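What follows is a single chain, given as structure tokens, in the form predicted on its own.
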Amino acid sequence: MAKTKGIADLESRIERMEEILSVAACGDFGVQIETDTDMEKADALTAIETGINLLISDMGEEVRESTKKADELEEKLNLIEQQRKAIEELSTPIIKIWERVLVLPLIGTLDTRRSQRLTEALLTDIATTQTKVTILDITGVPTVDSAVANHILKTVAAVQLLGAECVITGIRPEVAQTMVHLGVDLSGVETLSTLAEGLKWAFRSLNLRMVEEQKA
């Protein structure tokens, strides 16, 4: 009878170990197997039960540490994304320089993603403000490749489709040379050397006259 009871007890403990391991496998690491603290009553399964408890405890600690690191990483990535958006906004400001006149000063290196974002923002502003003249100033663009040049031309075409005139200003000699070498066709686009010339052109397009104040 005692032997039968002992076997039943072992089977119960084994089932309990299986149950605890199953719960831990589902992500609950707060479970533990109750073990007898009396070392004299310890048997072959006691060491296994203790080992399972330690394993579950270690797994729980590792998961908590991994979750903490993942949360910290996500927070850093969100901060980086916010900073990236802020930099993009600062580097591509769309300025309403006069009634119905917008200036988009392009600064820094242009990639495909940034080019698309600034074009979308520009077209939205044109439609919202009923802009008639847009000035794309590329004085601050250090280099121009075929992709950038083509995107600028597409931006000009999109602006014209919205019923606004567009002029490109600030084409530096080295950039002009690169565009010629790339075979970029600017024959259908108004280009001027400086932003100041572009503003004069915009005022003429709107039939506005600039009057210089005479100093006494």
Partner chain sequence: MTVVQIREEQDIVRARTTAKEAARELGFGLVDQTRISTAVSELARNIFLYAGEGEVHIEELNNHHGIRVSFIDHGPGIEDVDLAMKDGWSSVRAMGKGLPGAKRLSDRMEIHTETGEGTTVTIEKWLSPSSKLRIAPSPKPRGGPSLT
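Here the rigid core means the biggest group of C-alpha atoms that line up within 1.5 Å when the two forms are laid on top of each other. Every value quoted in this text rests on a predicted model; they were computed, and no experiment measured them. Positions refer to the first chain, counted from 1.
Not on display, but discussed next: the form predicted in complex with its partner chain.
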Close approach of residue 116 to its partner chain in the predicted bound form, 4.5 Å, heavy atom: yes
So, residue 147 and its partner chain: in the predicted bound form, are they within 4.5 Å at any heavy atom pair? no
Mark residue 59 yes when one of its heavy atoms lies within 4.5 Å of a heavy atom of its partner chain in the predicted bound form, and no otherwise. yes
Contact flag, residue 78 vs its partner chain in the predicted bound form, heavy atom cut 4.5 Å: yes
The listed residue (189, 63, 182, 176) that reaches within 4.5 Å of its partner chain in the predicted bound form by any heavy atom is 63
Any residue of 64-78 with a heavy atom within 4.5 Å of its partner chain in the predicted bound form counts; write them all down in order. 70, 73, 74, 77, 78
With both forms fit on the core, has residue 50 moved 2 Å or more by CA between the shown form and the other one? yes
C-alpha of residue 24: shift of 2 angstroms or more between the shown form and the other one, rigid core aligned? yes
